[in-house]
Ligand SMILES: N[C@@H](CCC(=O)N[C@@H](CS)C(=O)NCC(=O)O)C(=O)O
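Take a look at this single chain, the form predicted on its own, given in structure tokens.
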């Protein structure tokens, strides 16, 4: 078993994804908090591990690995059971599609660094972030409806196990509430969240457990 040290921030949705994957896999790890609000992510020692200065960063036997998607896929390949991706190739592609809607289409546009460039005014930041979250969630809701028509939906977004899709969708819902986004138009997304949060690994990885 490799020694795993996770550099993370309690409220970071990207960090939550990796904590959740580790909990699902049942893999032991040690945490190192990186305080984004004080700029700890810009320290030379951390940037040497994570070139963009982003959390999470998983150090594997002394070797740093950054970017949540890369880390989650490394975990999936290194600890294949329980699986985060379906066995069927097309269903796996659908899971990645849902994850990428968040990973590429929502989260980068409303993270801390972008918000600070957009405006120093908190209300303006909230409006900016909400705009992209709402746009992305509308796409996610359509995708979930498509999965139902294709017969790929189950107790969770795809099938009957929490997987890659939930690791990206649920933390983004947590952020959406912080930005006061009206979630009523997304009933399928809310149902996915409720089912996922009822599981023990989701609770073990939840930001509230790591709040300083």
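Numbering follows the first chain given and starts at 1. Keep in mind that this is a model prediction, so the values were computed, not measured.
Same protein, other form: the form predicted together with the named molecule, not shown, and the subject of what follows.
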Contact check in the model of the complex: 97, 105 and 134 versus the named molecule, with a cutoff of 4.5 Å between any heavy atoms. Do all three pass?
no
Does residue 67 make contact with the named molecule in the model of the complex, using a 4.5 Å heavy atom cut-off?
yes
Is there a heavy atom of residue 53 lying 4.5 Å or less from a heavy atom of the named molecule in the model of the complex?
yes
How about residue 125 - does it come within 4.5 Å of the named molecule in the model of the complex, if we only consider non-hydrogen atoms?
no
Contact flag, residue 112 vs the named molecule in the model of the complex, heavy atom cut 4.5 Å:
yes
Spot the stretch among 67-75, 117-125, 81-89, 135-143 with residues whose non-hydrogen atoms come within 4.5 Å of the named molecule in the model of the complex.
67-75
Partner contacts in the model of the complex for 9-26 (non-hydrogen atom within 4.5 angstroms of the named molecule):
12, 13, 14, 17
